[in-house]
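Read the single chain below, which is given as structure tokens and is the form predicted on its own.
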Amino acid sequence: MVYIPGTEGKKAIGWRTDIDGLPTNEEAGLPFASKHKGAMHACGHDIHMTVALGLLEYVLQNKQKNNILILFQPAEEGPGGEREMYDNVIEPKYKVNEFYALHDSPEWEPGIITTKVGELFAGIAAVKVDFIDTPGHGAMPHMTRDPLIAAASFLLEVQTLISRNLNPFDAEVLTFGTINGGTAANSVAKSCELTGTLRIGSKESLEFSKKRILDIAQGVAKAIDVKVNVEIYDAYSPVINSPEITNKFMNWMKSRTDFKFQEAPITMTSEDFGYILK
């Protein structure tokens, strides 16, 4: 974190960049690719850091009337490091009037800058569902109950949350990315765990969806006669841009001929900058 006092100092402007690495091999073959096997700055974090360093260099060379805070934030991927830094460092020590960030995206052509008033990125809740019973032999499945069957039934049934329980005009995505259960081909598993992500806009839809996931999991468990544990926790708030500041920025962008600007739709991408905006 770098704080640069301004010439007038009546107002403080914050710029935040995330600096995470991810457990991924970088195979781009580019000169600036990661030199560490199994780790890279994916999700655009290398671009975010480069922009922040360029901004810092500019501010140091060109004195600003406002105070400037450049925040290099860890732990955006997963734990949500923004909350920790804001609550324990920024809020007690620095009174920032406006906070900005960017997020690069491959869905846009190079050179386009885009944003929108109000909700830009969805909120996110993490979901874990674990079906459990007594393990058994695959040749005698009638002697126990099968958590894998319960998991498969749940995975199919829970998709009706989006297609049959929510307004089609509401932006929401539910994806289960892992399913793990069993230790041998000829055995009935003791448990089967699914983990997923729920991307959603409104608090009302989030609370309804959390209840519906729990109801479906418990219903499947009762039908197949297994136990189930469900954990759903809110990870990130939606990124909701200030109308006043965003309109001012958009009008300035549209007045320029040296930039390409395009208004963005809501995207189901999530990131923890929403905590500062909230």
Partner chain sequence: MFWLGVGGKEKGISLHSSKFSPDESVIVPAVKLVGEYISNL
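A quick note: this is a predicted structure, and the numbers were derived from the prediction, not measured. Positions refer to the first chain, counted from 1.
In what follows, reference is made to the form predicted together with the partner chain, a form of this protein that is not presented.
With the partner omitted here, the stretch from 138-146, 151-159, 185-193, 93-101 that lies within 4.5 Å of the partner chain by heavy atoms in the predicted bound form is 93-101.
Listed residues 126, 89, 113, 173 were compared with the partner chain in the predicted bound form; 113 is the one with a heavy atom within 4.5 Å.
Across the proposed site, 47, 55 and 105 without exception bring a heavy atom within 4.5 Å of the partner chain in the predicted bound form. Interface residue remark: residue 211 is not counted as part of the site for the partner chain in the predicted bound form, having no heavy atom within 4.5 Å. At the 4.5 Å threshold, heavy atoms of residue 10 stay clear of the partner chain in the predicted bound form, well away from it. Proximity of residue 232 to the partner chain in the predicted bound form: non-hydrogen atoms within 4.5 Å are absent; the residue sits far from the partner. The partner chain in the predicted bound form is approached by residue 77, whose closest heavy atom lies within 4.5 angstroms of it. For the partner-free chain shown, 15, 16, 22, 24, 25, 26, 27, 28, 30, 32 of 15-39 come within 4.5 angstroms of the partner chain in the predicted bound form, judged by any non-hydrogen atom.
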